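The chain below stands alone and is given in structure tokens; this is the form predicted alone.
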């Protein structure tokens, strides 16, 4: 699908004019009670001093249940580093919902996200997004980035864990003649593997990239509890700076293995889920969502965010890992348990992180 051309000379004239406060003040005479920016947004949806936005330029199907969404960001966006992520907001039934997604284009390029249709937000992005749609954005962030100096690299990924690594590969192999990257990617089937054709093309061009697919339906999952699988797939893994992104179990095994090999300083990981303290969930409790007039019994392993979504409560959220603070909701009564520490806490009016908290007995939330 060809990229959609975004024409903006007319909009740019307005942006140029808005930089000069005397002209802005003059324009306000004709736009009051609205601001000049309110009218500017009618011709340029990216123009907003309060909310960073992006306009979708292309939607590319990747697999049956995934798609890459390219977008052009408005002012306020700073170029991402390869491997970083950003929070993306979409309007669903009149409510703005946020999720965090890895950026998959090469560092510095117009961004894109590759989304698998799991969950309501991702499902809506994959099935319904089209060129011209407006996304709400937060600036790129994250420390899962390439090393400062060139060196041999090993990337171990599984499923959608490939998305931040794809940004790194696109950054390196097309721009550096000295790139030396081994990618070991795990997927259930070869046909369902993200970016399979592009990765093969890059490897065939001898850009310093070697791609090895690990098909779990045939081989079982990659076992990083020992060195057997890794020694067979990438014999020189100990000499490479290694990036691992995928399921929590795989990441935990990698951390233990690299530590045992005294190579933990060479390992960089990216988690898509919070680090949960074993046994921290407790017994759970009855959760009441006051404003939504809904309630549910939730066990000790079900977060307040998941419990609300399960009964149709519109819950604020972002990273869903306890990092971005987007999921904060006031506590009306009761106590909650932090899954990361096992700590039980709760005072009336306290803001609780619903994505990493469970009920510790009866809980009432102001949402």
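Positions refer to the first chain, counted from 1. We call the rigid core the largest set of C-alpha positions that still match within 1.5 Å between the two forms. As the structure is a prediction and not an experimental result, all values here were calculated from the model.
One more form of this protein exists, namely the form predicted together with a small molecule; it is left out here, but the text below deals with it.
A.B. asks: Heavy atoms within 4.5 Å of the small molecule in the predicted bound form: which of the stretches 263 to 271, 149 to 157, 222 to 230, 179 to 187 has them?
C.D. replies: Heavy atoms within 4.5 Å of the small molecule in the predicted bound form occur in 263 to 271.
A.B. asks: Sort through 134, 234, 202, 121 and report the residue having a heavy atom within 4.5 Å of the small molecule in the predicted bound form.
C.D. replies: None of the other options qualify; the answer is 121.
A.B. asks: Please pick, from 77, 258, 214, 101, the one residue with any non-hydrogen atom lying within 4.5 angstroms of the small molecule in the predicted bound form.
C.D. replies: Flagged contact: 101.
A.B. asks: Check for me: heavy atom within 4.5 Å of the small molecule in the predicted bound form, for each of 169, 193 and 243, yes or no.
C.D. replies: Not a single residue of the candidate spot has a heavy atom within 4.5 Å of the small molecule in the predicted bound form.
A.B. asks: Taking 4.5 angstroms as the cut-off for heavy atoms, does residue 321 touch the small molecule in the predicted bound form?
C.D. replies: Taking the distances in the predicted bound form, the answer for residue 321 is yes, it comes within 4.5 Å of the small molecule.
A.B. asks: Given that the partner is absent here, does residue 129 sit within 4.5 Å of the small molecule in the predicted bound form, heavy atoms only?
C.D. replies: Result no; residue 129 lies far from the small molecule in the predicted bound form.
A.B. asks: Please run the contact check for residue 251 against the small molecule in the predicted bound form: heavy atoms, 4.5 angstroms, yes or no?
C.D. replies: Contact with the small molecule, no.
A.B. asks: Determine whether any heavy atom of residue 287 comes within 4.5 Å of a heavy atom of the small molecule in the predicted bound form, and answer yes or no.
C.D. replies: Looking in the predicted bound form, residue contacts with the small molecule do not include residue 287, since no heavy atom lies within 4.5 Å.
A.B. asks: Superpose on the rigid core, then tell me if the C-alpha of residue 60 is displaced by 2 angstroms or more between the shown form and the other one.
C.D. replies: Shift at residue 60: below 2 Å after core fit.
A.B. asks: Is the C-alpha displacement of residue 324 equal to or greater than 2 Å between the shown form and the other one once the rigid core has been superposed?
C.D. replies: Moves: yes, 2 Å or greater.
A.B. asks: Against the shown form, C-alpha atoms of residue 188 and residue 310 in the predicted bound form: closer or farther, for a change of 3 Å or more?
C.D. replies: Farther, not closer.
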